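For reference, the chain that follows is the form predicted alone, supplied as structure tokens.
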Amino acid sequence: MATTAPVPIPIPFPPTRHERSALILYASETGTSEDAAHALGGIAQRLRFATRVAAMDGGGVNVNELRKYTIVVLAISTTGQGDLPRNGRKLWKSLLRRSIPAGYLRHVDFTTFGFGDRSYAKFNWAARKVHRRLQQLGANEFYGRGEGDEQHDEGTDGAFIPWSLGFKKQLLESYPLPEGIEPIPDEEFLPPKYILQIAEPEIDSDTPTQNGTSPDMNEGTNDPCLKEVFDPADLITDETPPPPTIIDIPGHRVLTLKKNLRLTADDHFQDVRHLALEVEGNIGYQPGDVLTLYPKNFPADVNSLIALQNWTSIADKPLSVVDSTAHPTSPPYTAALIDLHFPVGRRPTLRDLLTHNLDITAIPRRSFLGACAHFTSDETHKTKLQEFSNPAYTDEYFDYTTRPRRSILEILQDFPTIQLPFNHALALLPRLRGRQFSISSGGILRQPNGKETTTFHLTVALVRYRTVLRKVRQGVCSRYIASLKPGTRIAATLSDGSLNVNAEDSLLFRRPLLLIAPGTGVAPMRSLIWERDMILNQEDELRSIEVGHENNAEEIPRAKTVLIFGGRNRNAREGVRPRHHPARGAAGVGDAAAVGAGAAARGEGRGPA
């Protein structure tokens, strides 16, 4: 039986509700900032703020929207070369508009928290520039800016947790609760904004029925002569691959996998794959562009979670996502608003969501463990889960989850008394996010079979390792990629990269290039070498036509390209070592060469790979 959530304490608001409201925004690539934003939203909600948590580029979020809230809080990660994540760039660009008058945000109280890694030169650059821009527009910093560092012994939590505690204290001091109103206790479960419910069945009016039931329903199902022969291939095992269902991702393209080859030797610890994918049509991309693949959970894991939570009876029923009344300032539900991807052409089921949308093998954050404590009747389990979610027990949390890389599924197996309500699955379980990979093809490799199809090459290192408990772990996307067979159709999205290279960039294509790439970082370099080769070849052909074939001997010398490649395995097969560059000479890049970093250090040969 599916359980229901505990009834929360009603959340009364003062008559002038919008005078006590909070907008918590995040810009996140991997979910760190998003999880922090929800934690801050929970703090504000417990202090009786009408709270909305959304991506910076979420529905309806713009400069004008910031002015409607009592406080605005931004949790921002830094990606690339000091850039904002993709779900934060539209708002950032709108903040830079020169047409915004001075002091436009003078009535906005705000603060920011940045997530970064101090080993990078532009540490927390994204949060800093957003913070500075808001101040330039007149916004008031009501609480000091915070910065988390991934290099801290406790990760970004080392700074975020004390900052969030100070944030709560500051809210109580700056925005005291109305007389007679108390904060919502930490022991009470906060209801989510969006919940699941079983959809009403759609009845075809043209279908004859009797007493509301089809006359053929269940007819003959007990006749052994009518039952299908059991196919052993239908038996789900640990390695049964995910279903090939295409999910409806905004802007997606359906690609067909042509090759999935292991490049490293079988006895090498790292499994590096060469993927070749093909799509119909002439699709342009440039060196540095990325292809996002969307992994899926394996049926064995999904079935295990469904059984643990007693969701079997509802796992395959169509679902609807509906709005709760707990968040009056949040907009009505749309799939894009909360980043859901459903199968094309039908309502999703709980099994669909667990397969395509929810990351059940992720390492849980404290917030998940704290939420689970509300859904167990065992006092010992409840106490333990509360300890793991308490920042005062950081070592215990890391010892149990992070260091052994224990997954959400394994934790639910360790605490079998946890019974999560299926209608809160979207709020309790983290999103299963797409993984971005730099495209390693370019130039003539883009359309080797003519303009009717476009080819994408990816060079992917699969994540597989043993934990301190000697258990084998695989990344959810790595396991998915390893299972893909040629001919499989998958949904993927194409997006711009950070190299900003195109055919008009004449300086880059004509200057000498020194390219340095460790491991699979060679992917965009390989793309650039092939692209440069194609463009220079095209220019040579045009020049020979203009000046006449008799002057072909006066060929303009090409600038050199040197690729320094760092790889741990000198015996890697074709592909992971950077041999895939065009042939040198008239049809090549010039004196293109690959120098293995390991070989150079040993004083071995430096010839072209």
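Start at 1 with the first residue shown and count on from there. Predicted model only: the values in this text are computed from it and were never measured.
One more form of this protein exists, namely the form predicted in complex with a small molecule; it is left out here, but the text below deals with it.
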Counting only non-hydrogen atoms, the one stretch of 179-187, 136-144, 74-82, 527-535 within 4.5 angstroms of the small molecule in the predicted complex is 74-82
Is it the case that residue 123, even though its partner is missing from this view, gets within 4.5 Å of the small molecule in the predicted complex, heavy atoms only?
yes
At 4.5 Å between heavy atoms, is residue 160 in contact with the small molecule in the predicted complex?
no
Is the gap between residue 115 and the small molecule in the predicted complex 4.5 Å or less for some heavy atom pair?
yes
Is residue 323 close to the small molecule in the predicted complex, meaning a heavy atom pair under 4.5 Å apart or at it?
no
Which listed residue (260, 156, 297, 264) meets the criterion of a heavy atom within 4.5 Å of the small molecule in the predicted complex?
156
